[in-house]
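So this one's two forms of a single chain, laid out as structure tokens and tagged structure 1 and structure 2.
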Structure 1
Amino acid sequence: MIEANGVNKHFGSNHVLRDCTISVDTGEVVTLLGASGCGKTTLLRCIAGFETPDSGSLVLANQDVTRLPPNRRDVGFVFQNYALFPHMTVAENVAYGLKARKTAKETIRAEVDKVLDLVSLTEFARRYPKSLSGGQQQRVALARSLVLHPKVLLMDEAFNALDAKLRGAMQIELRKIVKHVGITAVCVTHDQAEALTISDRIAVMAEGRIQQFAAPDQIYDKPASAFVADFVGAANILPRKSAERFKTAHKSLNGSGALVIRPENFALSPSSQGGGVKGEVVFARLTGPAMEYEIALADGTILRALVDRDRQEPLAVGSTVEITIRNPDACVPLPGTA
């Protein structure tokens, strides 16, 4: 449905997008995930037509749209701050695109009613955007795009303006609506939890490059680089030397430069039964269902470990522990150095 081929974009001397290639299937929800300033918004705006790539091409539904202006691309865009027209009511905002297409009045009314019902905003139709909550505004922005049945829906940090609790609920809500409609969607976020919640596939970006493009579980379990491992979920990235001290790690290390071990893959035992690596608990924190520890090894390396509370009583700061790897197969070897 969407194909970006070798897209490059400069702002002055700033090379913002470097050879970005990505292919999104029909009905798929894809998220561009990366730190602030890595070029996610720029790539999304290239797809929408607000920016023109310096080189490379964009294909939407088998049509080359690289040089097409945004109003002829049939793309829905949900802006970071929603960009609702302040001088129009909710219904007028939603009807705006239909009016621009010179749709018949009755059809407009029916379509607007239908989509407002979809996002549960029927009773707010005559209100102005300013009088709505953040979550409601976001749904208006979504409805405004969906009512046009665009080929693809693009969303830029659509949950940023919401408070933490509402954000989680809206992410689930959004995924349900998008899947119900069956639309192809590309979202942008810097929040890995959001990416994991709403996406079928995630493209992790850094410095204008796509680092890895895969399903969420693949990204988490088989990160392609130290950057991806570190950005998605917490990770201990151990250089070869440190990793070798864990006996069971030898097999997975298999000659590569570093090893990624997720915090939940460590087991800590207070007694010194031998076999593990010795360390001292320097920090302990309750995260809800689990305890998170920072453990200092003899060589000064700090490891992060996450232990379910029903598996083990909390350990005190200062206590000595032995660390072992629970599942060596879940460790990911990385080429090169980390």
Structure 2
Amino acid sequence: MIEANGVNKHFGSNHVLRDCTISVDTGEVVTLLGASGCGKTTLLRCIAGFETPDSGSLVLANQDVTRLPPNRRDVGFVFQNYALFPHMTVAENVAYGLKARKTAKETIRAEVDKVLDLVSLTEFARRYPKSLSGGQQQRVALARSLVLHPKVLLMDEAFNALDAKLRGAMQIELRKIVKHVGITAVCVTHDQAEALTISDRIAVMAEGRIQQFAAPDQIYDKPASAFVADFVGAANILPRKSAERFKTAHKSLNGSGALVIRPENFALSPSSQGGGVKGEVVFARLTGPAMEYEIALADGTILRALVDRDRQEPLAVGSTVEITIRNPDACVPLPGTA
């Protein structure tokens, strides 16, 4: 449905996008994930037609749209601030695009009723945006896009204005709605948890480049670089020669380069048991169902560990522990790193 081929974009001397290539399948939800300034919003705006690439091409449904204006691309865009009209009711906001297309009144009424039911806002049809919660306003913005039946839905940091609990709930709800409709969607976010929740595939971006484009489990379990490993989830990145400390001959832990060990892959035990690497707990934090620890080794290395509370009693700061690797197969080698 969407193809970006070798897209480059400069703003003055700032090279914002560097040879970005990505292909999005019909009905797929893809997230552009990265820190502020990595180029993800610029790439989204190029897809929407709000920016024009300096080189490369953009194809939408087999049509080259690189030079087409936004109104000829058949895409829906949900902005970060929702951009609702405050003087219009919910129903009027949703109907706005259809009225602009001079759609028949009966059709408008039917389409608005259908999409408001889809986003569970039927009872709010006559309310104004100022009387709605942030989550309800977001659903109005989503409905306003979906009612036009666009080929592609684009969303730019659409959950930023919501509090943490509502943000998590709306991420799940959005994924359900988009999958129910079957629309192709591209979302921009800096939030790794959001990307893991809503995406079929994630494009991790840094310095204008796509660092890895893969399914969420592949991004987390098989990161392509130290950057991806550190950006998506917590990661311990150690020289592979450090595997000798853990007294294991597993082949994936030997050799040159670096190794990614996720915090949940460490097991902690009292130092009297033997068989592990000794360390001192220097920080402990309750995350809910788990305890997160920072453990200092004798050489100053700090390891992060995450232990389910039902697996082990909490450890106090200052405790001496022995660390072992639970599953060597889950350790990810990063060839070419020191």
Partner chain sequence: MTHSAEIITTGPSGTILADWIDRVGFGLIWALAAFALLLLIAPSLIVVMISFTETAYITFPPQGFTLKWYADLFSRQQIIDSAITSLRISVWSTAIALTLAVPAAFSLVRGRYPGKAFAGALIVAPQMIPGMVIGVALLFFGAYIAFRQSDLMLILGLTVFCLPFAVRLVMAQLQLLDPALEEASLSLGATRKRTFVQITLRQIIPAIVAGAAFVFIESFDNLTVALFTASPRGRPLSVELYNLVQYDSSPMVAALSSLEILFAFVIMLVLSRSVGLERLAK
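For residue numbers, the reference is structure 1: its sequence is counted from 1. Note that the rigid core is defined as the largest set of C-alphas that superpose within 1.5 Å between two forms. The structure displayed is predicted, hence computed values, not measured ones.
key: Structure, 1 versus 2, that is the form predicted together with its partner chain   = Looking at both, the form predicted together with its partner chain is number 1.
key: Rigid core superposed: Asn81 CA moves 2 Å or more between structures 1 and 2   = The answer is no; the displacement is under 2 Å.
request  = Using a rigid core alignment, state whether the CA of Arg209 is displaced by 2 Å or more between structures 1 and 2.
outcome  = No, its C-alpha moves less than 2 Å.
query = With both forms fit on the core, has Lys179 moved 2 Å or more by CA between structures 1 and 2?
reply = Shift of 2 Å or more: no.
request  = Please state the CA displacement of Arg126 between structures 1 and 2 in angstrom, with both forms fitted on the core.
outcome  = With the rigid core fitted, the alpha carbon of Arg126 is displaced 2.6 Å between structures 1 and 2.
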